[in-house]
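The data below hold one chain only, encoded as C-alpha cells and taken in the form predicted alone.
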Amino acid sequence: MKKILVTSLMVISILSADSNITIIEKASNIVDDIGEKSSNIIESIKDTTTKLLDDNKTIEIDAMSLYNKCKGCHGSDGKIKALNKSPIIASQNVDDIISKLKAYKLGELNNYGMGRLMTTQTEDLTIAQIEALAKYISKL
C-alpha cells in the first residue's frame, strides 16, 4: 500500500506541472481509484468463496490426525484422565466438547488447573477443526 501511495504522489507531481486540475483533486481521484480497486478485489474474493460454498466444495479435516496432539495426555482412546486430573474425554457430548475447546482456545477455561496447557494445545485450531475434533472424540 505504501508503494502505491508513493507512486501516486510521484504521478501527481508530474501531472500537476501542466494541468488545470489541482494536486488535491488529483490525489483525491487516485485515492478513490485505489478504494474502488480494493473493493473490486474484496468482492472477487467474496464471490469466489460463495461459489466454493455453493458448489459444496469443502475442505476435509483429518480429525484423527488432530487428535494425535491429545494422545499424550488423554490416551489413544481418550480413556485416560489427563495428568490424573481431568475426566475421561471419550464419549463426551459433542456440544460440550466444542464448548470446552473453544473456551480453552480463548483462555477462558481453567478446569482442573489445565487452562494454560489446553490453551496452548488449542490456540491454533480453527472452529471447523474444533468441531471435527469434538465429533471424533465423542465417538471414541
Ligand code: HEC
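Quick caveat, the model's predicted, so the values are computed rather than measured. From 1 onward, residues are counted along the sequence shown.
Note that the form predicted together with heme C isn't included here; everything after this is about it.
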Taking heavy atoms only, is P87 within 4.5 angstroms of heme C in the model of the complex?
yes
Contact flag, I127 vs heme C in the model of the complex, heavy atom cut 4.5 Å
no
Is there a non-hydrogen atom of N111 within 4.5 angstroms of a non-hydrogen atom of heme C in the model of the complex?
yes
Does A103 reach heme C in the model of the complex if we count a contact as any heavy atom within 4.5 Å?
no
Tell me, out of V94, M64, I42, L83, which residue has a non-hydrogen atom within 4.5 angstroms of heme C in the model of the complex.
L83
